[in-house]
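Before any questions on how it binds or moves, here is one chain, the form predicted on its own, in structure tokens.
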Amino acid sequence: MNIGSVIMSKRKELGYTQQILADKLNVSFQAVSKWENGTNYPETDMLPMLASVLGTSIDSLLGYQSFVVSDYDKRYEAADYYWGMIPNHLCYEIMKLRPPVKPLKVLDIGCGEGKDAVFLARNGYLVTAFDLSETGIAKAKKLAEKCGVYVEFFKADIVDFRLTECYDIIFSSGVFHFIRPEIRKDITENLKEYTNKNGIHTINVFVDKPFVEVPPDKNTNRFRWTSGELFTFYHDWKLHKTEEIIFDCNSGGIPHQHCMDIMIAERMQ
């Protein structure tokens, strides 16, 4: 499908009229109409917001099928949960540092099948979460329903998603290696800007080490970080945790190792 057909299809899936979509994008409904009938196209700088509002990715808008999406959709097709059900240990560190004694808004970036987002919601946080995999999002919604909690799940790609509202806690595990080096500053600055004062970012990234063999998914648009690189983006925040670890992994059915930098940082101003 061309971009106009994709916009129309996604708009109707969400139950939006052309006017509603136009209002969300701060454009005229005539502009939306022209996009959909193919007489005009969105400006390039409009694509990230358009993708975010429609809950999709820029690649999907342009009609490209991401290998990464199909890869993870396949992993998540099984009845059980690919990453298991045990919460990431960083969730417990979030609870220690920012216990939910008052409503705290959490954003889980790259939530997969939703185990961490649902865990945080069960413990009293107001959780929003997104992932690029539709299969993962569908399983996450079922998990939240089964656990009797609400999480605002939606589909988006970290590469072109940008925040427009503030959060108290931003959490992401095993996702930032999909961010190309040339756009890392833009994305992290956006996340930092839309974080409330004394809010925290809890993030880990895969790090390149010459003595750690490249994992089996090395050629699927993954860009490992350099050691300590993540921490430099937060030089103006209070760093509660900066750690580098090497651990064994069996994802994809092939035993391998990863090196990972782990950070918890707090916005002081």
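Since this is a predicted model, take the numbers as computed values, not measurements. Residue numbers run from 1 along the displayed sequence.
Not pictured, yet referred to below: the form predicted together with a small molecule.
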Interface membership of Leu107, the small molecule in the model of the complex, 4.5 Å heavy atom rule: no
Exercise: Lys115 in contact with the small molecule in the model of the complex, heavy atom 4.5 Å: yes
Distance check, Thr128 to the small molecule in the model of the complex, heavy atom within 4.5 Å: no
4.5 angstroms heavy atom contact with the small molecule in the model of the complex for Pro100: no
Interface segment, criterion being heavy atoms within 4.5 Å of the small molecule in the model of the complex, picked from 92 to 100, 144 to 152, 129 to 137, 189 to 197: 129 to 137
